[in-house]
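Shown below, as structure tokens, is a lone chain in the form predicted on its own; questions about how it binds or moves come after it.
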Amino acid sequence: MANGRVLVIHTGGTIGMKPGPDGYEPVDGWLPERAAKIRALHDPDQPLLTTPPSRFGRRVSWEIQELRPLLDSAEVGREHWVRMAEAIAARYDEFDGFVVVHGTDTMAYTAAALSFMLEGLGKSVLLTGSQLPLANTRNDAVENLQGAIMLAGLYEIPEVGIFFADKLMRGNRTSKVDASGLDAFRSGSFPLLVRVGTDVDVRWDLVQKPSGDPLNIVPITSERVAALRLFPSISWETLERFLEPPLQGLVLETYGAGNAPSSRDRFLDVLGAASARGVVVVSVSQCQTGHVTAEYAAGRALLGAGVVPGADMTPEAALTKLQWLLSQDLEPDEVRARMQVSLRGELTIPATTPRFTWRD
């Protein structure tokens, strides 16, 4: 029985850091050196970086490629997303799956960005990292890395996901919700794809089916996007300044189900004027779960000002999707239309007819 083959792309983050004079910092070459000494990641009786056998007798042979310089994830930007996508594409035919080792702070942004950039994806691309470095005696790094390698090498889940704390979540549905706890990520509006316990429970009914098209990278090149969180007493002058050129797209984090000040006419006028000159404004909820709707008058007023409802997209998914669409040669109205369509499973299209029984 052939081993699964996985390429681990190390971008930096806590998992591969060691204490330095100014605090924890990533160290070139240290992660593969340390991993080779950990039995859960490498069977010493097998070729280098070969896992122990799974309960079904299969192993995973894996290899680490470092994208240097290794970065704290706070330093990651769109140019690094493109490098990650290119690294996957360059060796796509050599491996059964891919694991991207990444810092936790911006992992959700990277996962969402890669989900849009990797068109025609037919293999697993799983991001993982840790809250505690592998250098620590007590850490969550071994379990997260081992789980991600196992899923990417032995299971055919053709999605960009985040594996953390025994859970695989769709990458563009996930947000970091805890800065210190080991269970740091949540997929609030979408069920888990996989839960790893004594068994590996895969929700195959939720896993997206590959298109069958060859892998194609559509890079993110636009930087003229921003996010703004509404707060009580925000002024229209602040909003107007925020929407000034050269901004092309704005993710507006609204209250509840997509509500915003509607009694301040100038506030809506500013949004309407920006939309009229081609700025794409998308509304997402500040809540971790929920769906932006136009059921309330305050939300309906935003629609009248040209604001696009973002359904149940996370702020990370909405921002990277908007950035990705604005990187292409599309008219603003086409961008607005595609923001409301599920392209990679990033949003839920609500049912148009009510269901009252299980038979429906």
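Here the structure is a predicted model, which is why all the values come from computation and not from measurement. All residue numbers refer to positions in the sequence shown, first residue = 1.
FYI, the form predicted in complex with a small molecule isn't displayed, but the following is about it.
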query	finding
Residue among 131, 175, 275, 248 with a heavy atom within 4.5 Å of the small molecule in the model of the complex	131
In the model of the complex, the one of 146, 189, 262, 73 near the small molecule [non-hydrogen atom within 4.5 angstroms]	73
4.5 Å heavy atom contact, residue 253 and the small molecule in the model of the complex	no
4.5 angstroms heavy atom contact with the small molecule in the model of the complex for residue 339	no
4.5 Å heavy atom contact, residue 104 to the small molecule in the model of the complex	yes
Touches the small molecule in the model of the complex: residue 17 (any heavy atom, 4.5 Å)	yes
Candidate stretches 146-154, 123-131, 218-226, 89-97, one within 4.5 Å of the small molecule in the model of the complex by heavy atom	123-131
